[in-house]
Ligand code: ATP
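Only one chain comes next, encoded as structure tokens, the form predicted on its own.
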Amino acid sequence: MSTSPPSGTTSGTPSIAGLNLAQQEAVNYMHGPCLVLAGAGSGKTRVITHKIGRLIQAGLKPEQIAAITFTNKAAAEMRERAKSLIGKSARGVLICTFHALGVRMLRQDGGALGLKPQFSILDSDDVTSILKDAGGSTDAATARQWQWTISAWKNSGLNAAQAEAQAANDEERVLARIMARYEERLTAYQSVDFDDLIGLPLKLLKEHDEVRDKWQAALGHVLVDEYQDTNATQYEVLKLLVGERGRFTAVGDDDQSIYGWRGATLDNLKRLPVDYPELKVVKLEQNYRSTSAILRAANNVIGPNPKLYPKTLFSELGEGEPVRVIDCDGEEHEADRVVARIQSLRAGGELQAVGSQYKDWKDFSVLYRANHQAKVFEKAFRRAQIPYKVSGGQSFFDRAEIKDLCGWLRLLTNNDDDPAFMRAVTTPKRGIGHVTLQALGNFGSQYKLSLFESLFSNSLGAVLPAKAVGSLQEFGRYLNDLEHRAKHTLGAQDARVFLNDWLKDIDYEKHLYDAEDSEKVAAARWTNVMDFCDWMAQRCGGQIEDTSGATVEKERKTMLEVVQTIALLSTISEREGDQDVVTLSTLHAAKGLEWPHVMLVSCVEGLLPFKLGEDDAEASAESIALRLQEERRLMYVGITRAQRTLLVSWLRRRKKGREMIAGTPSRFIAEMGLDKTTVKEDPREKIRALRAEFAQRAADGLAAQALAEANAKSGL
């Protein structure tokens, strides 16, 4: 059966052709709270988009429906799927992430909390910088530790005062006081961090009846994707949005809950039937992704975990190739065997049934537990000339040149954003030195003014020379002019002119070339800037080109409106799906994705499952058991990414620091319940691996010989 959603009818109402009985049951239940337990590959996005159509068919207006996802990519995919199913009606549906919903609520109603509509959203680096200042530290690593703890407190619904009241020791009490100073700075800067985008909407809904009534009246039905990944605060927001009516559909899978370390809790699944006794539970167990052999291994692995709602995945795609397990001498040997495996599958080899259909590089993925494991595979792939990408690498928005431009743009929408002011005023350099900025900062602190407000104070001349005041005020006037132009820049064509003029005004291209020793690096950074500008312009709407090159008409927005959404976006669409490359990815980053051929590597105790804390005297048996359960779910997620073939490998020896230690196969391999015949090494792959190893040794030997000859000639 096809994994693509069925087409919509010409009338704009959805057809339920192609939905199985369980999917139809989930789509047609609209009168109360509904939990859809969607197993891996069971068509959950299809169910959500069909239910949106069914709700509209039943009389709800599109703008009365909200579908909440966890990533921008998932939201974009859902919008496209909904549009193809129900046509123009999909435009009115609010399809966004939890954080984007929080921004919308705070832009509209944040005034009740003292927020201006143009508040700034701080990124992780901004938060680290502010915490260093609030805690009187110069150590970024320490500030990041504070950041993680404060984030955990916020996700649990605690403010600084509450955190201090329940602090377990002096260290936590001190950190709670730093958190209080951090909160004061956010208020002064009219800024929020990412955790606030959930916590502050919750505060709004809890403490302001008129805001809660407004949002409950506006939303007739709320759908939540990946419900198992919600944290305690997000669940409280959902409850207050839907009210006692409980008109919501939560779609998730308790077997794929792998984000406990960032606050996600299965307690939210446990609470649903308690808080909503009339909860309708629908289980989706038919898998449209994987073969029976792969699903059997997945079901066996997840079997030992306690179940809230037991389910067993099944497939009608046939038995397929057996899951194979191999052992390797070490990391380098494992990488060579993965290379050999890919080459063997691409050659057709022993897998006639799948080899002829799935031969592109993009049909292969290598999955591992931790980021550092990618390096040895990258080296082996480069040696074998296999194209690859490392999923979860540096975000486009983490690049220095993009952060520079975003700092400027943030300042246009919120003049009180001091971190953005500091970035903009110093990049590119404009003859305003750190002594001047320090004096400006002290002046602002003394009179409780933002840095931008301080520029035009009549008293500034008392603390700074006239020349410095003139330079600062010239910068301020330019920002005011830029803000005015951004406010009246409408549509993609005008946006391109605005952005090009701005970059020329500040001479940013020259700044990049002056800052880099390598002209090639500077050119690459300038290309990133051009990509960013093109992407920004596209978001301003009007007549633009879609990914296929066709011209489409989109709602036109001003540059200022688009700027306000930047901080929510973690990456620019770089058409990764079109790249014909092998994917290297952590298991966490692979969730929600799938490939015909998956290699799940380094499945050894201490890596997968990751060290569980059995050696920690303070670790309770319960905490160790819970960690093991989450690691088992991670293994389950890895197995269920595979469509046609799955290879699992483990190491007889592995690196730990600078030492080599004995490797023990992961307990999850035994739990897969595989026939012993599946662990035999294929001789063709062994030959390929040996050839790769000998080629490398020969290359190393030739290099050593050349070095010896050079040394001899030089008399060394």
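Because the structure is a prediction, the values reported are computed rather than measured. Residues carry their position along the shown sequence, with the first being 1.
Another form exists, predicted together with this ligand; not displayed. Remarks below refer to it.
Look at 336 to 344, 446 to 454, 282 to 290, 132 to 140: in the predicted complex, residues with non-hydrogen atoms within 4.5 angstroms of this ligand sit in 282 to 290. In the predicted complex, none of the heavy atoms of residue 651 sits within 4.5 Å of a heavy atom of this ligand. Under a 4.5 angstroms non-hydrogen atom cutoff, this ligand in the predicted complex lacks residue 159 among its neighbouring residues.
This ligand is not shown here, and in the predicted complex it never comes within 4.5 Å of any heavy atom of residue 35. Of the heavy atoms in residue 22, none are within 4.5 Å of this ligand in the predicted complex. For the three marked residues, 42, 46 and 641, a heavy atom of each sits within 4.5 Å of this ligand in the predicted complex.
Proximity to this ligand in the predicted complex, defined as a heavy atom within 4.5 Å, holds among 321, 534, 401, 594 only for 594. Of the residues 363, 418, 226, 331, just one reaches this ligand in the predicted complex with a heavy atom at 4.5 Å or closer; this is 226.
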